[in-house]
Structure formats: structure tokens, C-alpha cells
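As a starting point, one isolated chain is supplied in C-alpha cells, in the form predicted alone.
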């Protein structure tokens, strides 16, 4: 069980609420609370908090300041594109509209300090005031004197004030060449897989048990954790795909404990969702509608091809294209398609009695390995040296049943193959590498 934060000067009930709202960040929350001290005590002038995106920096700060009811101003450096907006937002949050109206139209740092000092005389601080700067890395592009001034703002305004900078980059990339007041540096590490499991499992669906939702999150992290550790993105993906995960359960086909069948149902949809991680090309509703349309189309075309969505390495695609051309083009047409100075050769000169029928109707013909490699080196768009990698990819295509070996296994000198894919399939593969295969097919001359 998570231990409740304890700190003198703060109500235990408030600290308990802070602990509940900051899971897996107890160490960082406790350290921040220690640096902040008791409300009436002077705090450290500036604190620099850094960590990757969605590591809990802003959330922990907002929970601490709101639950403990501390006076604060939260400033987004993305929104405050000028010093005037920055100073106005600070005074507005800490002292109200009247203080912000005292600033001139284009205030300088001296104007801000003067107005702040004047307000401190009218309303002296009974506890530490906090200014939280989100996306603080943008301050590096501001005026050269702004960042050093913020780091020692407590000294300039002579008030119990702490400036907290939240950033995704380290302090070493902030430090000005002219030197500045060094803040206390606090690092927020990335959430571990166990932390993400614990946090995402808190949003369990009311219609299902907590263990069932936890098993779903475990499956989701098993797919996405290697490519995405952003808590916000994972939360979006969990909400987006949960209804699909529950479909077999709602239809009465499986039970909650049958995790294997639930996994087999959701696996293809999670792999499709992996292609859109961090992208917002369509809304969540549009994404679900697209999935439903694809399911209908897949149902109508089910059984036509077992390799509709196969993923291949770059050179394997060109090997498969070369195999298709070698299977469906007569060997003597290779000179016409792959030599620059072949002269003018009419198709009628090639036609024989047995070639009047389309090669696509007759089916794929076997070809030797050396012809496959010759066509491959002609169609690939870069110089590739013959290597074991190329030959191993040919073996992989045979294993995937995209190529068929028609020679005996003991024939090592010149093995022969056939291409086992359809024209639609090879056309789809060709489009992924920007290769117009129809221009190189003898039947379409």
C-alpha cells in the first residue's frame, strides 16, 4: 500500500488527497514538498524540474498547489509569446486585475518589479507564493535578461516567492554563457511498465471487473510499450480500443477469464492502431468508423488472399517484384525491359503459337536463381552488393510461401523458383516502393 505523505505545517487530509492523485510519484512529490517547506517559511528562490513528456511534472505541481491551497500562478510559455503577456499573467494570478492594469503597454522587467513591490506593500505574503513556468525551454529564445531575472526573482522583488521551471530538457542546455543563479534541479524519470500498468488500471470501466480491465491494460502495454511510453497517448489508445476488446464478451462468445481468445480478437486492431501512434489525422469516432468499414470489406473478400497485410523488408519487396517479373515474362524479353540500348523490338516478333495466350492465364513459370538476381539488380533503385542477407531474404520469402521452390533440395548449383502471389498483391507491394510494375509486364505491352 502507498504510504501517505507527511510534512509539518500541512493538514493530513490534504496530504492524503495529494498522495491519491499522484500515483507512482511519491518520491518526487515528497522531495518537492521538502524543498517547498512549510507555508510560512521562505522557500528556495528557484527550482528546475525536468523530465520527458508526460512524466507527471505539471500534474504533480498542480495537485500540490491546489490541494494544499498555496497562492500560485501557472504560466504557459507557449501562450505568453511576449514579456508583456508574461508579466500581466503573473500579476493577474497573484494580485488580481488591478495590479495587472498598472503595467504600461510595453512593460520592461523593471516595470514588473516595481509594480510587484508596490503590491507587496499593500498585501504582504503570509505564505510562499509560487510561479510555475510550463514549457520553460522556450525561455531560451526570450530576452537574454529574462531567465536570469526569473531565477533570482525572490531577491529582486524582496518577497517570499519561488519560481519553478518545468522543462523537457536538462539544465545544462539552459545555462547562459554569462552565468546565472543556479536553481535546485529535480529529475522526473519515465514511468516504468509497472507504473503505467498501475496508473492506467485506475480508469477501469464500471461495467467490468477491475481485474478484467487490468488484463486489458497488460495486453495493451505488451504491444505498445516498446514504441510508446507517453502516458497520455497510452491513455488515449486504451480508451479507443477497449470497446473492441469487449466485443466477444458482449456477444457471449467468451468469458472474462478467457484472456487468450480476447487477445486473438484484439491483436490485429492493436497492430493497426500502432501505425497511428502520436498522430491525430482523424478523430476517435472517425477511426472507429474506418475500422468498421474495413471489417465489412474484409468479410466480403475473406479467403481471396492469405497475405493481404504482410509486412516485408525493403529489399524483400524488390526480390518479390523481380520474382513476379521472372515468372510472368518470357526470358528473352528481359533484354527489352532491362537494357537501355536494346533497339526497337516489336511484340509481334516475339509471338509464337504457344505465347498467344496471356502468361497470366497460363500461370507462373519457373525461373533459375541467377535470372532472379539479374532482374533484382536491374529494378532495385540503388547499388546492392550480393551478400548473405539477400540470399537469406529469398529463403524467407519461400518460408512465407510467397515464392515456391520447384527444384529438388539437392540441386544446389541452380535452384528454381515460382512466384506464388497475385497481380493485385504485387501491385500493392510495388506501390509501397514507388515501382510501376505494369510497365515491365509483357502481357500489358
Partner chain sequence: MRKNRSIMSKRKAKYAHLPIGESITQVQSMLRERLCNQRLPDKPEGTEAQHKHLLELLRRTAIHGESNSVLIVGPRGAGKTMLLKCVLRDLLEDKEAQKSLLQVHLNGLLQTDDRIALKEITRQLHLENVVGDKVFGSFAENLAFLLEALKKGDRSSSRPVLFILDEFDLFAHHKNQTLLYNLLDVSQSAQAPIAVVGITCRLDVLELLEKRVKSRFSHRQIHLLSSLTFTQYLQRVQSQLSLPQDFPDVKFAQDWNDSIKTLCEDKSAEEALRRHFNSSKDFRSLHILLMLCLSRVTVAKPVIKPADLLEASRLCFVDAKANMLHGLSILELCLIIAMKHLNDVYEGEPFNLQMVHNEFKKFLQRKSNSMYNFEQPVIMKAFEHLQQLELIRPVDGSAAKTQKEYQLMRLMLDHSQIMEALQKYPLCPTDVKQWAMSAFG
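Worth saying up front: this structure is predicted, and the values here are computed from it rather than measured. The term rigid core refers to the maximal set of C-alpha atoms that superpose within 1.5 Å between the two forms. Numbering follows the first chain given and starts at 1.
What follows is about the form predicted together with the partner chain, which we do not show.
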(message) Please tell me whether the candidate spot formed by 34, 113 and 233 is one where all three residues come within 4.5 Å of the partner chain in the predicted bound form (heavy atoms).
(response) yes
(message) Going by heavy atom distances of 4.5 angstroms or less, which of 125, 339, 362, 210 would be at the interface with the partner chain in the predicted bound form?
(response) 362
(message) I need to confirm a contact call. Of 254, 99, 73, 149, which residue comes within 4.5 Å of the partner chain in the predicted bound form, counting heavy atoms only?
(response) 149
(message) Can you tell me whether residue 187 touches the partner chain? I mean in the predicted bound form, with a 4.5 angstroms heavy atom cut-off.
(response) yes
(message) Residue-level contact is defined here as any heavy atom of the residue lying within 4.5 Å of the partner chain in the predicted bound form; does residue 432 satisfy this criterion?
(response) no
(request) Decide whether residue 60 counts as a contact residue for the partner chain in the predicted bound form under a heavy atom distance cut-off of 4.5 Å. (result) no
(message) With a cut-off of 4.5 Å between heavy atoms, is residue 419 one of the residues that contacts the partner chain in the predicted bound form?
(response) yes
(message) Pick out the residues of 159 to 196 whose heavy atoms come within 4.5 Å of the partner chain in the predicted bound form.
(response) 168, 169, 170, 173, 178, 179, 180, 181, 182, 183, 184, 187, 190
(request) Establish whether a shift of 2 Å or more occurs at the C-alpha of residue 18 between the shown form and the other one, with the two forms superposed on the rigid core. (result) no
(request) Align on the rigid core first; then say whether the Cα of residue 328 has moved by at least 2 Å between the shown form and the other one. (result) yes
(request) With both forms fitted on the core, give yes or no for whether the Cα of residue 363 moves by 2 angstroms or more between the shown form and the other one. (result) yes
